[in-house]
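One chain comes next, on its own, written as structure tokens: the form predicted alone.
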């Protein structure tokens, strides 16, 4: 980790780095609420170390984006905490981690080894903000490159978290990645967010959509569909009454509730 402030002033609007900063900013802003959903104080600490004009991102907040970001992360945190309570010596792979601080906001058992994986340019930025240690390492590689997996111990249960990643891959890339993971590890769980195929067609930034959890079971016999949840599942935790009502209504509309869902698989 770089001492003092990390200079992100050159980050351009709309770039991948800018998108990561936006997500970090929204989580940090939400964590400062008196009744925070996510409690991501590690994100707030990371933001304080970054030299960037975050005032330029204030326009992101009126639409309650901070709650949307927090709700998605919350469900994955709940599932991850459950898995790690049952497997306190697990390996964790956080794929497409960006600047996410999940490795620091969760209360990890002492025996967990955590690996954050993202492309080299992203990991270079992460290393300026977060510190590695014996139980926490960062790997700079595309998740579609099979070679990075050789660096991961395969003698323990694994938790694979892929937040905001799989819709950006092609179907073939998703299939190959899941096959490599289940071939590498004897047992574990996979958690990710996904959109339906029609969503991928409408929103051109996405490349893959999932019909339902059983689709992956057909691809890979080792994968067992465990459960799914709407991205709005924890809307009742939103402290602002008006915004909570909007999210309650959104969650009641099937097309909205089912557009972005969280999936959990075992193997």
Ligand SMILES: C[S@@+](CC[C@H](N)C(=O)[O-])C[C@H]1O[C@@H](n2cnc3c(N)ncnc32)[C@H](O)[C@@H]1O
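Positions refer to the first chain, counted from 1. Just so it is clear, the model here is predicted, and its values are computed rather than measured. Only the largest set of C-alpha atoms that superpose within 1.5 Å between the two forms is called the rigid core.
Unshown form predicted together with this ligand; subsequent notes refer to it.
In terms of contact with this ligand in the model of the complex, the residue from 169, 152, 108, 195 that brings a heavy atom within 4.5 Å is 169. Contact annotation: of the candidates 137, 179, 128, 142, the single residue with a non-hydrogen atom within 4.5 angstroms of this ligand in the model of the complex is 142.
A residue is said to contact a partner when one of its heavy atoms sits within 4.5 Å of a partner heavy atom; residue 103 fails this definition for this ligand in the model of the complex, lying far away. Using a 4.5 angstroms limit between non-hydrogen atoms, residue 189 is distant from this ligand in the model of the complex. The closest heavy atom approach of residue 19 to this ligand in the model of the complex falls within 4.5 Å. At the 4.5 Å threshold, heavy atoms of residue 157 stay clear of this ligand in the model of the complex, well away from it.
Contact check for 74, 209 and 231: none of the three has a heavy atom within 4.5 Å of this ligand in the model of the complex. Annotated contact segment (heavy atom within 4.5 Å of this ligand in the model of the complex): 161 to 169, selected among 181 to 189, 78 to 86, 129 to 137, 161 to 169. Applying a 4.5 Å heavy atom cutoff to this ligand in the model of the complex picks out 96, 97, 98, 100, 118, 119, 122 from 93 to 122, in order along the sequence. In the core-superposed comparison between the shown form and the other one, the C-alpha atom of residue 19 has shifted by at least 2 angstroms.
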